[in-house]
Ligand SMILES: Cc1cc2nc3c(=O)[nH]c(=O)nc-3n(C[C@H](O)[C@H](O)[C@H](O)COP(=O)(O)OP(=O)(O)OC[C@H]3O[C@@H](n4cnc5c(N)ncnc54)[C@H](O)[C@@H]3O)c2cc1C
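Next up: a single chain in structure tokens, the form predicted on its own.
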């Protein structure tokens, strides 16, 4: 999906058009980014003189921002949707308490008071998250809250996911950073810890969720902008960097 600038003579949120772009099209380069964990789940995409037929356009010409905001709405719902029940124990949305208990057991910390406190914190976080999902979901389906309230669930899921990953890693001790096949549930916890920041990016960043909550749910004023009605070609830009 490509949100492209197709009109430079209208303000920035206008003059955009959405296209479906096949990754195998001529002129597209995909460079995978290796993370600290060694995984390569993210990438950079470069497009050079790529030509796309109009039949691959989604929506009207120069009306792509409407399409874009709608797909971002659905992306926010990807992690915690009030309209769909995720299966228990699934990698998306399922409880991690059982996993936490397995890690504590294999790390030999089930009787450790600090570990038990961490397990209690994790259980409480999941309890509050699930209650919030039910409450906001009901309010959205009845019209008591705007559908933009999905950002509340997105923010909560990101914050809880990163904290739970940290708690699990705190359980493992040194074995979470260096493990072998004998370590059971402790293995790979270090990799999960290094990847935890992705929970605040995928599905729309938590920073954007906070903006949406403040402006579209709470009705707070938007940050002042000096170019809302300025043609995009006239928007001030920094000087290009030299090669």
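As the structure is a computational prediction, the values presented were derived from the model and not from experiment. Positions refer to the first chain, counted from 1.
Form predicted in complex with the named molecule: not shown, discussed below.
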query: Location of the named molecule contact in the model of the complex, chosen stretch of 22 to 30, 54 to 62, 203 to 211, 176 to 184 [non-hydrogen atom, 4.5 Å]; finding: 203 to 211
query: Heavy atom within 4.5 Å of the named molecule in the model of the complex - the one residue of 195, 67, 50, 217 that qualifies; finding: 195
query: Any non-hydrogen atom of residue 46 within 4.5 angstroms of the named molecule in the model of the complex; finding: no
query: Distance check, residue 223 to the named molecule in the model of the complex, heavy atom within 4.5 Å; finding: yes
